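Take a look at this single chain, the form predicted alone, given in structure tokens.
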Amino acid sequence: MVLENAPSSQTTPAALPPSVFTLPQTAQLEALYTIIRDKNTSRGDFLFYSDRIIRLLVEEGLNHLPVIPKTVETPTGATYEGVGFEGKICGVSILRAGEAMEAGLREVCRSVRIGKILIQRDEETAQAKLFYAKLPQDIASRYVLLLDPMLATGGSAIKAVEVIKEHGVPEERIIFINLISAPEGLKTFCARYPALRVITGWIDQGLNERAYIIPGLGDFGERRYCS
């Protein structure tokens, strides 16, 4: 039986910033999210199905990179007028959950360079604080795919972009990729960085009183790395 108009839990705020892009909302994508949201899903299935979504997100992120005309000759001797990517790219993962998205990037971009940023909440100020950053030396000349599976309040992502910009990367050359976003975090993040594009798989209802994404999927890192 095929559902022509499958119901969706996707939240689409009327005031969604123009720099935010979601994956096509298909029944297959909804099914994948249903599996990884289920608290009874095994760790093995969580890994498998979240990896499928991550790959879709990375592919969509690459669609937003600029291209230039490129002419090649095919094995038949014919000329093909195609395109090629304008510049080099790299990935930057926000530790630790962002590391889970690195494999998906490597699967579609051979030998891609990947940097890492560790940001944690400062207990005294309650603000996001940088604890560690290791980025490619030539990152200023690359397009950056920033990787973090969840966007809740936006604090960590905002700090990560701040660090990347301090290393010489223009805001418009950064693409933020995540699985699930809260509308509150999207609005805060995009207000801070309006020229930066966000690729998200799903926009949830919002945050609860503890700033957890609802309905969400729990702690992505815990479900990913702990049995």
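Keep in mind it's a predicted model, so treat the numbers as computed, not measured. Counting begins at 1, following the sequence as shown.
One more form of this protein exists, namely the form predicted in complex with a small molecule; it is left out here, but the text below deals with it.
> Just one of 152, 114, 105, 117 has a heavy atom within 4.5 angstroms of the small molecule in the predicted bound form, so which one?
Selected residue: 152.
> In the predicted bound form, does residue 218 have a heavy atom within 4.5 Å of the small molecule?
Contact with the small molecule, yes.
> Looking in the predicted bound form, any heavy atom of residue 203 within 4.5 Å of the small molecule?
No, residue 203 stays farther than 4.5 Å from the small molecule in the predicted bound form.
> Taking heavy atoms and a 4.5 Å cut-off, does residue 213 contact the small molecule in the predicted bound form?
Answer yes; at least one heavy atom of residue 213 falls within 4.5 Å of the small molecule in the predicted bound form.
> Pick the stretch from 105-113, 68-76, 144-152, 81-89 whose residues have a heavy atom within 4.5 Å of the small molecule in the predicted bound form.
Comparing against the small molecule in the predicted bound form, the contact stretch is 144-152.
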